[in-house]
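Provided below as structure tokens are two forms of one protein chain, presented individually as structure 1 and structure 2.
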Structure 1
């Protein structure tokens, strides 16, 4: 008996080791892309273009320890330098000696140099905050060109776009939640003709792709002269998020204990009072979870903004400006990286701050079966 327990325990230990190592591997793979961006956003334009971001991590690399002229060497025969011998061609590629150094011929045959290199642990530490200065404040940066001249490259001021994103996202998060909460309460606790049919409509709209609506709505907006206004984008996000919001909130609100509502009714409270005083406070977890979802969705949205804001520069949101940068300044990686990180700050903060709610409320809607 005791033997068996021992072996089970050993089994458990190996399986836990396996579980943890696979998990760590997956987490690493998942984190590498974002980490690469974070590191890159602190590097200068030239650095980003000339070496991989992983060079900023400690790594082993050939480091030059000595350098001398090639005067008394004949590149057309086999040469012996620093105890290793080889032809010119071999030295151009680098010849390694048994003690771990590498000798390399740099330059052409007539005017070359000999570099002696050793493999060492190094890491680069030339980080800069300049990129963030550029994308947040629109500062310019001096770029040294290959020929030695200096050229000033203008940054991109994304702070306006940041505020626009905020002005779009906050109402586009709260308005649909408010409307959906009213509707969810109506469907869950009120009796009226057409209740069933209208709710089926909501469920059906859950999967309708928003692409279908872009053109007709755009035509309406042109008629109403709404294009390029915040209101236009709020309403669009409200329309496209409402089905899911109503569905999730209905699931939550309809499962609230009936007794509470009934006793409030007997005390003479109206539907409106019950909704404001009782239902809304009780539904905070569900409201918060959908709020996070909708906020992330709106903040990160590109398509809806692209269509309904269009070319109006003063209301462009972050994702649009970033996409513009990719298109127009695709080689300015230093701006793209910092810009991308600026655009992630708020959603990441919201997500990590309210993570608890996110999971709990989503479950109210989707994990039932």
Structure 2
């Protein structure tokens, strides 16, 4: 008996170790690129083009300790420099000496210089806030060219797009939550003809791709002169999110104790009073769980915003401006990483602010009794 218990414990420990190892691996897979994005957003354009973001960590690399000109050397023959011999091609690649230094020819045969390098521990810590100044405030940045001249480059002001995304995401999250909460309460606790059929119809909308509805909705918006406005996007996201919201909230609301509601009915409370004073406070986990889903979906949405907002710059959301930035400044990784991290700040804040309700909301109604 004791052998069997010991074997069961070992199996549990092995399973737990395996699950934890997989979870740690997944966390690293997701976290390392995010950390690299954050580091790159604070690096200069020249550093990003010349080295990877991991160079900010302590590492060993060749560091120049001495430099002199090549006027007394013949690059067409075998040369001896700092005690090592080699051809021009070999010195261009770098020739290591027995004492651990490396001699390298920089430049061409006519105009070059000799660099003596030594491998040392170093790290790249020259960070800057100019990327965020250029992205968020549209400030101009002075770029020093190779010939020594300085060029002023005007930034991309994404502050308006950030506020537009906020103006779209908050109502497009609150409106479907309120409507779905009323609908879920009605399906769970109110009896009316066709309740079951109507609920099945609402849930069936989950399998309908939203792309099917885009063109018909766009035609209606054009007729109603709603296209290119925030209201158009609010209504679209409300319609697309209602089915999932109703399903999640129904599972949770239907699992609430019946005794509480029956006591309220006996005391003469109406359905509206019960919903406002009992159902909403008790349903905070489910509401917060869907709020995370809906907010992240709307904030990161590009397709719906592109179709219903169009090319009006004054109402463009952040995802549209970032897409424009990729097209116009695709080689400026210092701006793209800063813009990408700006777009991540608010969703991360929403998730971590509501994450304690997340699992409780997802498991809503899954366990009875």
Partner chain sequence: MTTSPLSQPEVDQPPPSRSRLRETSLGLLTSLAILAFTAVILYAGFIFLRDSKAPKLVVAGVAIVWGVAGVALLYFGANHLVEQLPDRWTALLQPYIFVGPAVAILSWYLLIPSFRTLYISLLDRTSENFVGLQNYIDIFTQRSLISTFRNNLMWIVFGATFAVIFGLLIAVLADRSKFERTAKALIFLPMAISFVGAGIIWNFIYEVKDISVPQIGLLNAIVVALGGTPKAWTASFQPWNNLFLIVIVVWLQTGFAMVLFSAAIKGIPSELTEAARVDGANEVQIFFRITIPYIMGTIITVSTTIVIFTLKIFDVVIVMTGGQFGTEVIATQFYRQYFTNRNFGLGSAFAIILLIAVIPIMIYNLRQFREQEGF
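Since the structure is predicted, the reported quantities are computational estimates derived from the model, not experimental observations. Positions refer to the first chain, counted from 1. We call the rigid core whatever largest set of C-alpha positions still superposes within 1.5 Å between the two forms.
Checklist line | Of structures 1 and 2, the form predicted in complex with the partner chain | finding: It is the first structure that is the form predicted in complex with the partner chain.
Check: Taking the rigid core as the reference frame, is the Cα of residue 52 displaced by 2 Å or more between structure 1 and structure 2?
Finding: For residue 52, whose C-alpha is compared between structure 1 and structure 2 after core superposition, the shift is 2 Å or more.
Notebook entry, point to check: Under a superposition restricted to the rigid core, does residue 345 display a Cα displacement of 2 angstroms or more between structure 1 and structure 2?
Noted result: No: residue 345 shifts by under 2 Å between structure 1 and structure 2.
Next item on the list: Check the Cα of residue 23 between structure 1 and structure 2 on a core superposition and give its shift in Å.
Entry: Its C-alpha position differs by 5.5 Å.
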